[in-house]
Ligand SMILES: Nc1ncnc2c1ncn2[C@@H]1O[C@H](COP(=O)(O)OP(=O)(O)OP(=O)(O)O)[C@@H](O)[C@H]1O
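This document starts with one chain, in the form predicted alone, laid out as structure tokens.
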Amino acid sequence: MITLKNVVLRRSAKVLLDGATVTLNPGEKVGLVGRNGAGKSTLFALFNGSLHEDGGDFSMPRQWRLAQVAQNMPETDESATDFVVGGDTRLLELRQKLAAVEAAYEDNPDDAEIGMELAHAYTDLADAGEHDAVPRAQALILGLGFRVAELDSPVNSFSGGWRMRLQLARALMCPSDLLLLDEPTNHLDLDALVWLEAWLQKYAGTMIVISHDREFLDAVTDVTLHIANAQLTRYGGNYSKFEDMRALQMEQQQAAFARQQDKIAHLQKFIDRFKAKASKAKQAQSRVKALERMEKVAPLLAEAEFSFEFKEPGHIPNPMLSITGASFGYTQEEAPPKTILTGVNRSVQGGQRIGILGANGQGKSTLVKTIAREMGALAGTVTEGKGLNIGYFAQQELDVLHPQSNPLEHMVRLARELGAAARESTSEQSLRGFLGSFNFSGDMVKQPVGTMSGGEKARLVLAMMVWQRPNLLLLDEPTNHLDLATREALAVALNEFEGTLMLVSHDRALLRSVCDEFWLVGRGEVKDFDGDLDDYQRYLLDEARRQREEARLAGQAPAADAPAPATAPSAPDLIAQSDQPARASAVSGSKSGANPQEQRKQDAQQRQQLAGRLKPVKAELDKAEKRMAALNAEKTGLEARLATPLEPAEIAEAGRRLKAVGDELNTLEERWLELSGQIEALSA
């Protein structure tokens, strides 16, 4: 277990933790929350050993293996698969050991002791998963949104965000007892986020995660650690339960403080009235002592809230825009244009609130960029309503800010670009006041943007967008760098916005809060999505399973190096395609010249053959399901046992067994998926 007893942590002169005491049990999934700057990353540094406590005692089991996402940008020509396999540190250690033993064996082939050592090395490597290391790594890569064709691409060929996804996959590949995740969802789309949640829910070790995504925390954590005012408080439950419990505590604290203030006022009134009277001196003195002995209830220090609002649009055209017979994509130098979406026929009406959904790489950003005039349509027409004023927040919008300029200079530059339409509000004082409403107060308006945090830069972009009074908001992943408080402020502002909204986001709480209809971008088209976000999450998980099956079949196929199709067929489709010539000849042979009685006989034989092939697969599937049910029951019992007071040796033993059960469950679930795919393929 991890224990902190009266721990003090400092960063320079600032005390981030003062007397923190908490215990984390093996197998717990912990969400670490608190305002930016409260000390979350510093506490992570204590957990990973890069920082030591300034006071108190911190301990965790020495034998625990630690996994965390490296923050550096990887620079290597290794393939994506090899890079992620390299995250399995135990496998690498055993490979190195095997190489050393093999070299010794070559020098001394008759040495029985070295021969035995070589046998043990091979056994250890097999136990560590050498046989399925590549499929495991590729399942992680595909789950995080990469395409099958990219599995062997060099790491250096990917952009920064995709390389960080590979760093995440590498951390998940590492066998670990403690997994530290600091904002793991920042570079993920919703499809990859849903997959990551499912993976983490099956992780058997102890996990501590920092995240500003409310629904992600709710899905993957069962304990919440809250850092505030240099104190660390443990709450049982996920983030939503933490909010409820904290709100109740704050209410109780405020009520207790108010009651105590009334009592103090009453005592002080008695003291002030009678302290000069000899007959009442003893009573007055006793009340003075009572005041001195009283343990004061701290007043509730309300955390500074952040809020803003969009200005009322001056004019809302209807329709806002109309797209007819359009093809969207991008042009390439010395190459034909790359078409992503075709046959797009859409209209956007005033007041619509549209969430844009779609698996990674299907064209969501292409759609938004074309509407935002960042790209031109390759075919068809995009007709804008008269007076359309677009406010566009791009994923890369923070890169557009000038690092050397300060917020005030950005606002002055924006005012000049807009010209006479906004002259009445371009004085420095009015711009300072406007920036102050976005928490850029005092000297911050003169601070270079390059020295600001990602959240501060995002707030500046929001401020610049609000100031332009748009009537159509196009937001592409606006929450990537925002903390929970700012995300909530954005949700409130968007709900009060009177114009039209189009939103791409992996923050499901934001999508649920502000969107009332959804478009699905996928398979080269844009269409209405008939369902809610829960339906969409199920759709994404089905897509992820299909891609994993596709990768498995592609690895078995002779033409495995063939380029992936633009629209990947499902696993049964792939099997049907590969088997099509044989089936065609069989059908033509059976139907040409065969009488009905002979045909029925052949059909019966085929059904018998199919039943014979299905029987062992179904038997293995049934056996796997029964074993999974037993393991899940054992896992529930172990988790319940760990929630009760135990001796250290009992906790360690239960934790080890919980991890073993989790590992076996993961293996069985993967096999269950394979068997289900085989049954579906055979039945097709």
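It should be emphasised that the depicted structure is a prediction, and the values quoted were computed from it without experimental measurement. For every residue, the number given is its place in the sequence shown, counted from 1.
There is another form of this protein, the form predicted together with the named molecule, and it is not shown here; the text below is about that form.
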Looking at 61, 637, 49, 37, which has any heavy atom no more than 4.5 Å from the named molecule in the predicted complex? 37
From 157, 201, 447, 318: within 4.5 Å of the named molecule in the predicted complex by heavy atoms is 447
Considering non-hydrogen atoms and a 4.5 Å limit, does the named molecule approach residue 455 in the predicted complex? yes
Give a yes/no on whether residue 260 approaches the named molecule to within 4.5 Å in the predicted complex, heavy atoms considered. no
Is there a heavy atom of residue 218 lying 4.5 Å or less from a heavy atom of the named molecule in the predicted complex? no
Would residue 665 sit within 4.5 Å of the named molecule in the predicted complex, counting heavy atoms only? no
Out of the stretches listed (28 to 36, 52 to 60, 65 to 73, 623 to 631), which one is close to the named molecule in the predicted complex, meaning heavy atoms within 4.5 Å? 28 to 36
What residues of 1 to 16, in sequence order, lie within 4.5 Å of the named molecule in the predicted complex by heavy atom? 11, 12, 14, 16
